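Take a look at this single chain, the form predicted alone, given in structure tokens.
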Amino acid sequence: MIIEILKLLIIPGIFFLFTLALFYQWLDRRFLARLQNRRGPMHTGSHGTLQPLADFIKLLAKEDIEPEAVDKPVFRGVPILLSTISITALFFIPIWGVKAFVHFEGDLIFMTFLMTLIAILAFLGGWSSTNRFSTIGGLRAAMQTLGYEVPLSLAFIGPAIVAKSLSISKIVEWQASTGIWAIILNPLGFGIAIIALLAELEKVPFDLPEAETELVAGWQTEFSGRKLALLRFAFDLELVLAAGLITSLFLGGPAGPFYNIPWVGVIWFFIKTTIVVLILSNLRGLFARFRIDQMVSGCWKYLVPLAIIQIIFLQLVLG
């Protein structure tokens, strides 16, 4: 019982995930800044490593302004639910070993459901704000979900076909036992998942729901203080979730040489997720923002057919 509580709180628990989320926010900002010939976070902590923590504490201390016209129960509930769902989803990702803290057959489907809930909460956050910019941002979030959700789900099916299981832990276990990463058999699915997860994270070129040059801060415009701090924290957790999912489904998760030795699996997980975060940041720096019609039509015209092709290919090859 004590060991389970320690896992819940430390590894792969809340404290570890909180630290990793803040570190990946710093890494994302720092790497993107270098790609754009900027310096990025510099002053708080060594090379600005403590800047995300300082930003989080600063937002917690700021005044929490709540417009009179907002739908208060929904407006107050969205930041809490976003953080809670993101943390819950991360417990299905194998970090310490090939088995996640929570795992069962079909948890990949449940994970997809949780990620859909995150997108729905973005829409509700904008709609409940009763602000014109927020409403448009929320509608864009809902429209964007219609574009990337199908190819993302189809991309996740590829590793499930390879491992013959709908459990994330069993997919990682299959890769660890065979020594074959799913990306080798399914590179197309890996590429589709990376693009779709950029849309899930609302990052350039799919930052349409926020689009600060058009909508101030989109569906987040009216959030401030503690609510905004929780939203930012939830976004950082989503980045860890996206990198962890890609790592688990396509890169073998924590599996690697000597991964059965304590902490070695965590180190492999950290290395692989860091590479995924750098790939996502690199794509952010390469592209400009799409229009919402370009995003949705592009997903349906190109990503969905490609996702179906990779499933057919895997079925024919693996039988």
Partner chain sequence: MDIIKWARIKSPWVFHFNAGGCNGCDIEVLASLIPRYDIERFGMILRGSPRHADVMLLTGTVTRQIKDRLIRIYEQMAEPKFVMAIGSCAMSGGVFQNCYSVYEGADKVIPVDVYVPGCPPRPQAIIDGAVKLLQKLAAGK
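Remember, it's a predicted structure, so these values are computed and weren't measured experimentally. Positions refer to the first chain, counted from 1.
Just so you know, the form predicted in complex with the partner chain exists too; it's not on screen, but the next bit is about it.
- Between 226 to 234, 97 to 105, 146 to 154, 173 to 181, the stretch whose residues reach within 4.5 angstroms of the partner chain in the model of the complex through a non-hydrogen atom is 226 to 234.
- Proximity to the partner chain in the model of the complex, taken as a non-hydrogen atom within 4.5 angstroms, holds for one residue of Ile261, Leu286, Met42, Ile271, which is Met42.
- Within 4.5 Å of some heavy atom of the partner chain in the model of the complex lies at least one heavy atom of Pro67.
- With a 4.5 Å cutoff on heavy atoms, Thr221 counts as touching the partner chain in the model of the complex.
- Contact annotation: Glu63 falls within 4.5 Å of the partner chain in the model of the complex, judged by heavy atom distances.
- By the criterion of a heavy atom within 4.5 Å, Ala119 is excluded from the residues contacting the partner chain in the model of the complex.
- Taking the partner chain as positioned in the model of the complex, the residues of 37 to 58 that bring a heavy atom within 4.5 Å of it are, in sequence order, Asn37, Arg38, Arg39, Gly40, Pro41, Met42, His43, Thr44, Leu50, Gln51, Ala54, Asp55, Ile57, Lys58.
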